[in-house]
Structure formats: structure tokens, C-alpha cells
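Just the one chain here, laid out as C-alpha cells, in the form predicted alone.
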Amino acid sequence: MLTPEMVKTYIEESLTCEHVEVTGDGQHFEAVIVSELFRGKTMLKQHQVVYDALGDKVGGEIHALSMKTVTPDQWKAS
């Protein structure tokens, strides 16, 4: 069974991130991802960056992924 820690590792191995948190039940996951890669991108484009990085794991091993994506500046301000 896929764990939140495994999803976190997939994200960290695929993207340059300052911070990643993942929770979930083995199929449905929620993630907070902080990355400079998101600067200047719409939320839709930010999520596409993550989905592209995870490739076919989304819809396969990862049944559903809800995410909050922010830049380091946004993270510090929250």
C-alpha cells in the first residue's frame, strides 16, 4: 500500500522543493508543496508541474491528490 511518506518522496525526487507535507489514506492524498518553481505560474500551471513530475503514478498508484502549491515567499507570509 502506498503511504504518505512514499508520495512525499516521489514529489521530492521529482521537484526542487523547500517544503513538502503529505497526508493520506493509501489512495487519497493531500499535499502542501513549497517550491520556487511555482513563481509566476497560475495555480493550474503549478498543479500541472506536480502532476507532470509524478507522471503515471497519478491515476495509478495515487488514486487522488489534492494539493496546495505555494512559493517560498507565500509560505513565509502565511
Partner chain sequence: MDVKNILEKQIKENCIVLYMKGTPEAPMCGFSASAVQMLEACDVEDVATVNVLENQDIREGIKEFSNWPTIPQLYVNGEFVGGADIMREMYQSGELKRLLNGD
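Just so we're clear, the structure is a prediction, and the values are computed from it rather than from any experiment. Residue numbers count along the first chain shown, from 1.
Same protein, other form: the form predicted in complex with the partner chain, not shown, and the subject of what follows.
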Exercise. Is there any non-hydrogen atom of M43 lying within 4.5 Å of the partner chain in the predicted complex?
Worked result: yes
Exercise. Contact between H19 and the partner chain in the predicted complex at 4.5 Å, heavy atoms?
Worked result: no
Problem set entry | 4.5 Å heavy atom contact, R39 to the partner chain in the predicted complex | no
For this session: With heavy atoms only and a cut-off of 4.5 Å, decide whether S66 touches the partner chain in the predicted complex.
Result: yes
Exercise. Does the partner chain come within 4.5 Å of a heavy atom in each of Q48, D52 and V58 in the predicted complex?
Worked result: yes
Seminar exercise, completed: Near the partner chain in the predicted complex, with a heavy atom at 4.5 Å or closer, the residues from 16-36 are H28
